[in-house]
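In structure tokens, one chain follows: the form predicted alone.
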Amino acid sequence: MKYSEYSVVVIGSGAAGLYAALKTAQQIKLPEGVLLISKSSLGISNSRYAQGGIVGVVHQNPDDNIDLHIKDTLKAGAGLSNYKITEEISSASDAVINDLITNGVEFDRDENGNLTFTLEAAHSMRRILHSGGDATGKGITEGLIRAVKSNSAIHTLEKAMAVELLISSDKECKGVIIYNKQTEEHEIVYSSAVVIATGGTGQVYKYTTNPSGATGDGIALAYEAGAVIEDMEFIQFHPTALALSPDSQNRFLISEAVRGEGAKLINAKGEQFMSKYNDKLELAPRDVVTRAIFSEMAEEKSNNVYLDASLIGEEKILKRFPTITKKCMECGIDITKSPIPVAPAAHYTMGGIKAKVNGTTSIKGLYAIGEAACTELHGANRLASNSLLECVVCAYQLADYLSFTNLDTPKTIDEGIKKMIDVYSRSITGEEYDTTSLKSNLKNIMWENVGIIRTEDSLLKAQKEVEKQQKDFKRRRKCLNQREYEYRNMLTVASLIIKSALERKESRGAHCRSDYKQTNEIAKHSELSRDVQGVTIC
């Protein structure tokens, strides 16, 4: 097998991965450079499709402060957001936002050149920076891609997928095995610092705002390697995704910022309904708005409700939401005059690989940042636009941490790793699995049984069916192609979500149990590990 050596390997090219590669290369003199691995083309990620913006508690916004942001984050997190972590990330936002600007990221400004801020649900004030009106993720990732490409210490490998972490017998990460889609061969990459920045798990659900690559790869990799996985039951369903028909599964996001600027939710009768559910109306926390829409759809036996953006005014809509306006117009909807059909869709994974703000995990040499990680910032329900902030702050802190770490690549390979490599050196037999139909079945199981409202019966049904699919899929390690690896990972993360949801016998944030409607007095996290039987609530 072909092999290579790098001081740092970053898996994933969204905002977290790009910024981690960039800051590491800028801050540390690396003898063997940084390898940035992207499963698809560089920058194709959840980050790219983020519309609303990024939280910035910055000096250019004198009305805001860290204490207010912490308060909003903790309230949205339903008791599970960590105060110290929230304070650390909020406190770093000013420096990191300004560093992004220095590295070529452009945020929207007014006619006087001042940064402009918008409001989103559950925020007490306007603190959301945006780019290109409603293309913030695209603006950030494209700016970072330009900076990455101009840095000679960063090597990029596109259309390659990490398939197994090299874990030594003393439980240290020493590199990664990848599947190179372009050559259809497996390769070994040795490194003493492997960073997982692979994003979330939205593709395990029938309806999602996530791109096709969001198959939970990094979380599955870390779990199989023995890392601790935290709070996987908390899946955020975005309340407003474009719902043209029940057949449209990968759904275009209609940003929360549209409601922040004054759009109203209406039912099929044209009636505003949020007053029945929360006094903050359309700006209630995401889990509240999602369940309100879900309830209205069930009552009316309909596939969607509507978002009336015409109330914002045509001039402001066209300036503030050009991407959404264009997409809807392509679908025959003029949002300056007609309401947008919307419905909830799986959007964000609050849980993930248990990690600190600097990316360190329970395995030495393995780091996790961005949506694949769980730092306990988001708790049970992520506050809007905190995700991009977490991506860049954790990447920034990771680079600082690595600057004090020995980044020499492993010189000797132990027997355990040699045996792992041997598995991927051998050819495998058998026909390719029909992953299209297998994925579709899994996504239906998860949407119908582990979705917005859950019960013991629905979760046990899902568990039984997912276990059957796992049993029927014989390739637990080496697979024939990327499609099979993705399906393998989807099965793993689906199982983790179900196990965690079964153990949490309460309703909290995005996890709603109709058979356990109460919220327990003491908020606890859930943890899973291959090395520990069952789910630990702690």
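Quantities reported herein were computed from a predicted structural model and do not represent experimental measurements. Numbers for residues come from their place in the sequence shown, where the first is 1.
Not on display, but discussed next: the form predicted together with succinic acid.
In the predicted bound form, segment of 287-295, 102-110, 383-391, 73-81 with a heavy atom within 4.5 Å of succinic acid: It is 383-391 that comes within 4.5 Å of the partner.
Answer option from 375, 86, 191, 255, heavy atom within 4.5 Å of succinic acid in the predicted bound form: By the 4.5 Å criterion, the partner-contacting residue is 255.
Contact flag, residue 282 vs succinic acid in the predicted bound form, heavy atom cut 4.5 Å: Contact check for residue 282: no, nothing within 4.5 Å of succinic acid in the predicted bound form.
Consider residue 120 of the chain shown here, and say whether it contacts succinic acid in the predicted bound form, taking contact as heavy atoms within 4.5 Å. Yes - in the predicted bound form, heavy atoms of residue 120 and succinic acid come within 4.5 Å of each other.
Contact of residue 52 with succinic acid in the predicted bound form (heavy atom, 4.5 Å): Residue 52 belongs to the contact set for succinic acid.
Which residues, if any, of 339-356 lie within 4.5 Å of succinic acid in the predicted bound form when only heavy atoms count? Heavy-atom contacts within 4.5 Å come from 347 alone.
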